[in-house]
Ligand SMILES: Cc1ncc(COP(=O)(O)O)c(C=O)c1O
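Shown next as structure tokens: one chain only, the form predicted on its own.
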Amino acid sequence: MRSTRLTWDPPENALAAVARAAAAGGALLDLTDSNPTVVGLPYPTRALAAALARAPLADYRPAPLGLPSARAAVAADYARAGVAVDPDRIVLTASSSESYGFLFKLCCDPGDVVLVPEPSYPLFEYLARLEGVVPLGYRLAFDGVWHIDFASIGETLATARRAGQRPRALIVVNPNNPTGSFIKRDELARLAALCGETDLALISDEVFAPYPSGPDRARVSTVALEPLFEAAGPAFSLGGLSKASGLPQLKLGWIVVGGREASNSVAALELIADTYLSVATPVQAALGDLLALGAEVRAAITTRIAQNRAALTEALPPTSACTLLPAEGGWSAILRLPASLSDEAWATALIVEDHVLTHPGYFFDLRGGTFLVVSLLPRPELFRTAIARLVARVDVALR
């Protein structure tokens, strides 16, 4: 017997089957790889091993919110970035996915609605439905700059209420994946007013915030700490080792708790976390060292992102039929392609004809054009070769 939360036997994606078949005939140039540990970045491996070796591997110290020393280490890392966070407002988890699970448990009853951005990473539907929560999308609009479509939020709220569903939380991804767009200060004021009026908690996923790349444009980095939410409603900012330090193998994330009644939110999250106690003691004990060493990895990732984005810009002259959409952060890039083919058809042709793997835009619910999404993490030589093949494929198709 299985629950009805998900379709447990989904059909295989057609593009995945094509990619597997192509890979069997030779190596694919993978422009979807977002795992920083496998793209040739320099890691301080010995120092990381030494930090973990110094941790008390034989000790178990159950602390639902996280060890005080580990929470202080996260607060100190924020302080190095110029952000003051009270360690008592930090809750440690095993990952950002678990952070979402905790917050859905905190904010929602089964059948309640959470609003999720579109375009964005497709994991939200699984995270929500596995908690018995209903995800409903609202749109980000693009008019040369990405911004929140507040009319779309209103439409989504109305749809939920007509269906007898209760909206409980609104998710923003800051910066968004894959658009790379940050929340702006004028948007923040509107979000705070909206959450106050509609009794919504705001969940801000900020795992890519350490990787700004575009102009400031009055962006906001740590939403949970914004004074606007002290009266508006609960607010939560998510981070973790996976992106901030390029250490996805050392499972640790965190929630910064802010907004109205923050102390009550922390107390409730302590009860939830105490039920699982999922964060390993050694990684918590070593966290101060891991965050310091992670700064080296983050610098290498930042350099790689800038290098590959520059190569991508250079490969797309003004006469090219491909267009690179602007981004303010993160480690993805969006390419607009001619609408002579669908994004899946372009992605399929690149696999079959050129052995280049990309994400079609519909994976992220990109609309209003034909798009491919690529990671900016691959090795530079692989990236340049793959992008050259992509541009050549478009040129050949348009002749």
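Keep in mind that what you see is a predicted model, and the values were worked out from it rather than measured. Numbering starts at 1 and follows the sequence shown.
This protein has a second form, the form predicted in complex with this ligand, left out of what is shown; the following refers to that one.
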Using a 4.5 Å heavy atom cut-off, are V173, D205 and F208 all in contact with this ligand in the predicted complex?
yes
Given a 4.5 Å cut-off on heavy atoms, tell me which of 160-168, 95-103, 281-289, 257-265 is the interface stretch with this ligand in the predicted complex.
95-103
In the predicted complex, F150 touching this ligand (heavy atom, 4.5 Å):
no
In the predicted complex, Y121 touching this ligand (heavy atom, 4.5 Å)
yes
Is S242 near this ligand? Define near as a heavy atom within 4.5 Å, in the predicted complex.
yes
Residue-level contact is defined here as any heavy atom of the residue lying within 4.5 Å of this ligand in the predicted complex; does N308 satisfy this criterion?
no
If we check this ligand in the predicted complex, which of the residues in 285-312 reach within 4.5 angstroms of it by a non-hydrogen atom?
none
